[in-house]
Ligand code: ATP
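Only one chain comes next, encoded as structure tokens, the form predicted on its own.
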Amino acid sequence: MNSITVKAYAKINLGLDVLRKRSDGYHDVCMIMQSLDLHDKITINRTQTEGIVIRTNLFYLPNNQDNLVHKAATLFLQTLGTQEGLTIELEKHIPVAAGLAGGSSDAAATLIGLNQLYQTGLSLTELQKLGVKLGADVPYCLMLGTALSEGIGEVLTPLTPMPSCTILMVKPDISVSTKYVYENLKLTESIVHPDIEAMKTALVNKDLYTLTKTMDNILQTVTVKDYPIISDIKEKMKELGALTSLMSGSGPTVFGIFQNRELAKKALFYFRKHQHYGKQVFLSTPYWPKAEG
């Protein structure tokens, strides 16, 4: 086998709680992650010449070692002990720097693709040990589905799959620094933490209504204050029929959960017409790996 194409799936956070800041500067988190059918495509070709060549459909993406795909491929080849060359074509559809784990997902898909391409037979656990060296979200992006994420994001527990629904995403035309958000998060005694246990129970009961009523993201306490457009999008999504609306990760993408797909389509058309909310608007559905049915 000399070529392979794999998909890299976006993720949203159904719940995101931050428990404490650690002595190493990282934060202990407790999150419920869900992968989406929105995905990038990565095609990997083995070549006769040494070196890794990255090509993308977006001119502003780095095509050198600053790209997580390049870092993932370099790490894999070093682990394998080969200096064989690769050409990797990255077809981006997940918004960049959006809180949807696009870069982490691309890195994870690259590891999966190379594992298949070289027929190395590394297990999911072995791939995750490689992946965490690239970023805290990469182990989850290797597993996919619905999962509880703890530690700095690398301790993963599969959960009951999220009920079927339609998910609308709007990325406002702003940049939000993850570092800034965490540095300005005030974990005071008065702060209200998301009820992750209630969300897990709602998942077990396949109760989308209760799930949406308990979903929350503690990082919004920073971003909504500094970037009111996030709050504006959330409120408009609810007006247009979303059961709930939430920021994903450290932002800035806002997503809405719709039980009625027709309402979701109408909301999609509304946001595409009113682009002051953001020019990148997407409709997707939850994605579950085939092993989970």
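Note that the structure is a prediction, hence the values are computed from the model and not measured. Heads up: residue numbers just count along the shown sequence, starting at 1.
The discussion below concerns the form predicted together with this ligand, not included here.
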Of L68, M31, L36, L268, which one comes within 4.5 Å of this ligand in the predicted bound form, counting heavy atoms only?
L68
Of T201, T178, T120, N184, which one comes within 4.5 Å of this ligand in the predicted bound form, counting heavy atoms only?
T178
Looking at this ligand in the predicted bound form, do all three of M169, I174 and K236 come within 4.5 Å of it through at least one heavy atom?
no
Whether A98 contacts this ligand in the predicted bound form should be assessed with a 4.5 Å heavy atom distance threshold; does it?
yes
Could you tell me if L90 has a non-hydrogen atom within 4.5 Å of this ligand in the predicted bound form?
yes
So, in the predicted bound form, is G113 in contact with this ligand at a 4.5 angstroms heavy atom limit?
no
Against this ligand in the predicted bound form, would L263 count as a contact residue? Criterion: heavy atoms within 4.5 Å.
no
Counting any heavy atom within 4.5 Å as contact, can you tell me which stretch out of 159-167, 211-219, 143-151, 68-76 lines this ligand in the predicted bound form?
68-76
Within 4.5 Å of this ligand in the predicted bound form, which residues of 21-50 have a heavy atom? Give them in sequence order, or say none.
none
